[in-house]
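Heads up, the chain below is alone and in the form predicted on its own; it's given as structure tokens.
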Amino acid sequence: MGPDTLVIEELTARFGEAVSAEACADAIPTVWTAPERLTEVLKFLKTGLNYPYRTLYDLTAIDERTRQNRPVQANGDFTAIYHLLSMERNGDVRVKAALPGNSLSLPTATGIWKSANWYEREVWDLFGIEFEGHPDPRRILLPHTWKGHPLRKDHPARRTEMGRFVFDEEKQAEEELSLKFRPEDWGMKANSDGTEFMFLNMGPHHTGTHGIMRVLLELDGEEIRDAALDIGYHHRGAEKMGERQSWHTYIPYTDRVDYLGGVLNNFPYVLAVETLAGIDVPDRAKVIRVMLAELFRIMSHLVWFGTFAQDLGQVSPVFFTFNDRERAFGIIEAICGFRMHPAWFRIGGVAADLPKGWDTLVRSFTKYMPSRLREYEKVVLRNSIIKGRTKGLGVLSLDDAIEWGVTGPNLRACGMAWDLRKKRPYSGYDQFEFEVPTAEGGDSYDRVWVRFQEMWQSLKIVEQCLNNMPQGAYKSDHVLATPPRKEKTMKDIETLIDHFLDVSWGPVIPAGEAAFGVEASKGNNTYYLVSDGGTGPYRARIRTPSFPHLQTVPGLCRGLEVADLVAILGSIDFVMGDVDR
């Protein structure tokens, strides 16, 4: 029994009947506590254990009011869920608190974890749960003039369910007033010690922000005295969409979250559904998934690498990296029929078997890329100007990275070899030989170096998939695998009916909840799914890596110059769809 499985006993020994356990499909230790004991429980988990849960991995909520198969402890109208991570234990714990509809309030956890700031703002924004003592209790993803809280069950899920939009003079005046910049709203000062500061909007339309994001800068000359991020411009209601899609038809929506990650977005979603349904995936499907995931990791890193170099003034690399990405897209298109958003993973496997000639395409790519990577290393990584612009810049310590919930290459650049493919192998990753590159400095150059080395490792994994592709089925025969294979659909009416229903309505997944995380290109990506025993998710929570990563930006850039901020943002590698969802 490892330290992770002991946490329930440790909590019970400390708090007695103040906590009660719940069994979940994902086997993550889950406890309930009263709102008035929540802070005490969270502090104990972070500081009172031999192997503490130092990371607030995620924080979200559920509107329980229309749920039929809820846990016994979910006796309130809403439930707040804290998902904590201990890298020392290689384990998680989920803490829940039930809230009555007439008292939607909890104490803030910002004094325990810095990263709670944005998470609590998001829960307030989308559910209307207040956090007492929060330093900035405002909306974060939706406009400040928005009415209502969209992830409540009584909020419309479609535009056709809402009244006609009217933009009259009163509404126009309200919107214009909300756009007025006030330094104090962002925790800034107009002047200090006789110095009057200048305020600069970097974005929302700026190439250096890699998407629609606004960075507000408080400047003393060229020096950045303070910074604040304004996000949400790319919010599309991805989680709300999950509540009105079937388990099967939601897969294409996942592609659009990290829109450079392709099937890496499908991966945690289908794994979470398969955990809920108890579906075992055939070995061939596992290896196909791994091969495509690593190809998309390479493609995502190529986009980032070229645009990062462009941010720092190197124009040529972006043209070459995009050309290499096109070669990889040729493989994706041949196998999946689509390019950026193939939506090709399925519940129980993949959409179809590999086409004839797939191995020739993959082998050509694996032989072509090594020389290109060596050239990129020489032109970019060894370039003295690139080194001068990035070494020692935007340093993130390992302790701060863990505190902020940083994962993926950004965490490994701080010296910790935390990679879910190694720590919690899924889809057969434990059968592959590859290394986890790390650095020690935690600066912008180290983040670049780690990602570059990861392309070599992904290439190595793809070669192993190519040389050791197993025979067999590409999809499970489990009754809930979706859609079922079509071999018999034109031979007997029962199979045809099953196929029609599984495509149109989708399977009925047993009631329960499960979270599953994978090592995506930008860090740990997790889907936390709640089933009410229906044909679609009751709650579909997407924990993305880019959301916590951006919270680190103000601390990384204070005291530096605007040009340095561009280098820092580029080294983090984020996508705004991944942030805003």
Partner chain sequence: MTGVMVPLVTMIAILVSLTTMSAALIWMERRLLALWQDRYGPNRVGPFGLLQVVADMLKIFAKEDWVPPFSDKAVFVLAPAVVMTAALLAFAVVPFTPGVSIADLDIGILFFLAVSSLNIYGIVLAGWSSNSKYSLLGGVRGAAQMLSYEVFMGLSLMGVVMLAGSFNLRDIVEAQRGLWFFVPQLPGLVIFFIAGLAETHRIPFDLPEAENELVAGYHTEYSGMKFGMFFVGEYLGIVLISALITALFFGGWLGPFLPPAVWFVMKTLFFVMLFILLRAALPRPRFGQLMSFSWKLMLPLSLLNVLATGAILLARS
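Residue numbers count along the first chain shown, from 1. Note that the coordinates shown come from a computational prediction; the quantities given were computed from them, not determined experimentally.
Omitted from view is the form predicted in complex with the partner chain, to which the following refers.
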Check: Looking at 457, 73, 245, 310, which is the one with a non-hydrogen atom within 4.5 Å of the partner chain in the model of the complex?
Finding: 310
Note to self: Within 4.5 Å, heavy atoms only, which of 388, 510, 472, 133 is in contact with the partner chain in the model of the complex?
What the structure shows: 388
Next item on the list: Heavy atoms, 4.5 Å, the partner chain in the model of the complex: which of 196-204, 423-431, 401-409, 278-286 makes the cut? Say which one.
Entry: 196-204
Next item on the list: May I ask you to check whether residue 166 falls inside a 4.5 Å heavy atom distance of the partner chain in the model of the complex?
Entry: no
Check: Using 4.5 Å between non-hydrogen atoms, is residue 357 touching the partner chain in the model of the complex?
Finding: no
Item checked: Heavy atom of residue 25 within 4.5 Å of the partner chain in the model of the complex -> no
Margin query: Does any part of residue 9 reach within 4.5 Å of the partner chain in the model of the complex? Heavy atoms only, please.
Written below: no
Notebook entry, point to check: Going by heavy atoms, what in 310-334 lies within 4.5 angstroms of the partner chain in the model of the complex?
Noted result: 310, 311, 312, 313, 314, 315, 316, 319, 320, 323
